[in-house]
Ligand SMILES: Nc1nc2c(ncn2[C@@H]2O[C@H](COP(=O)(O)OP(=O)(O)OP(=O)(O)O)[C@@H](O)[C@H]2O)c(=O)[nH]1
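Starting off, we have a lone chain in the form predicted alone, written out as structure tokens.
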């Protein structure tokens, strides 16, 4: 599957930068093209300067609203970002359309942080513009949810998150949710930790995108999971995760290939990887709430067999019993067995429900505070009426 990736705002642009590194890795190590275009969009010039991999020209690093913000951002006011995206959104469309490999693209993926200003405001606007201009290509969103401490200390952060989620879900073909709190490590260096989180968010997409673009016969699975399978699976709220289990790099010549102990180990490794994939889903959810799901098994060809795939499928069906299930195998990895899982068409996500409830409950309080502030301002103005002015 080949994607055009557009990062919006600081968080989204850094995730797009991580996708750019992934695309280079796929090209260098596997000879596969999975990224047909990658762009970073922001109202803040300094944030765009901090990127490492996306090309530094103005076609790939795009400033919107520069005339109004002076290249210094929107100060977390996502309504302003939405207005600027409506005004300058044509820059993104023109950049995407002029990409040399654009017509090889299967879908768009737009990434943004829900709590900020530029990303949360511009995301639904740009999605809507792309769907209007390119109706034959699905548009997916990857939305990063805020840390718990951001929610508890910044009311604007929660408001931005709620409005971004509601708006994006109404226009995108599917929304991947990535919860920052799932990847946090309390004692980590801040800059390095954020880079690690972005890497962990992007990593599960690697095998998934590569499997359908593979060129070498020995790496083609018995059941290939390609772009059509992925697009048929993705719908509405979605979560993605990946798990792995280490395999022996060398087989001893006298090893018994038909040993019942070895057979048991193969199955255990498969279940270890699957359990890890479910526990490492990008957002906490119940697999029973999924209407669609897929899993991809990647390992050396000799480590994959019908029994393993069947048992993994039965386990997935028990966990997501109402889901339409798709699966594939990808004989590629060396020294490890990895399983990528997507749960889509989620009927309930507790994290989103909590954010919506918080904003709904706090709306009357925020309105009351605003009214009180306006009344105090008027009172101050009234008290000062009889004081002479020097102007």
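In this text, all values refer to a predicted model and were calculated from it rather than measured experimentally. Residue numbers count along the first chain shown, from 1.
Below, we refer to the form predicted together with this ligand, which is not included among the displayed structures.
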Is the gap between residue 141 and this ligand in the predicted bound form 4.5 Å or less for some heavy atom pair? no
Hey, in the predicted bound form, does residue 313 get a heavy atom within 4.5 angstroms of this ligand? no
Answer with yes or no whether residue 293 is in contact with this ligand in the predicted bound form, where contact means some heavy atom within 4.5 Å. no
Under a 4.5 Å heavy atom criterion, is residue 180 part of the interface with this ligand in the predicted bound form? yes
Partner-free chain; cross-checking this ligand in the predicted bound form, the single residue of 210, 92, 242, 74 with a heavy atom within 4.5 Å is 74
Exactly one of 285, 277, 174, 197 comes within 4.5 Å of this ligand in the predicted bound form through a heavy atom, and that residue is 197
For a quick test of understanding: in the predicted bound form, does each of 204, 238 and 340 have a heavy atom within 4.5 Å of this ligand? no
So which stretch, 315 to 323, 93 to 101, 230 to 238, 111 to 119, is the one near this ligand in the predicted bound form (non-hydrogen atoms, 4.5 Å)? 111 to 119
Hey, which residues along 136 to 152 are within 4.5 angstroms of this ligand in the predicted bound form, non-hydrogen atoms only? 144, 146, 147, 150
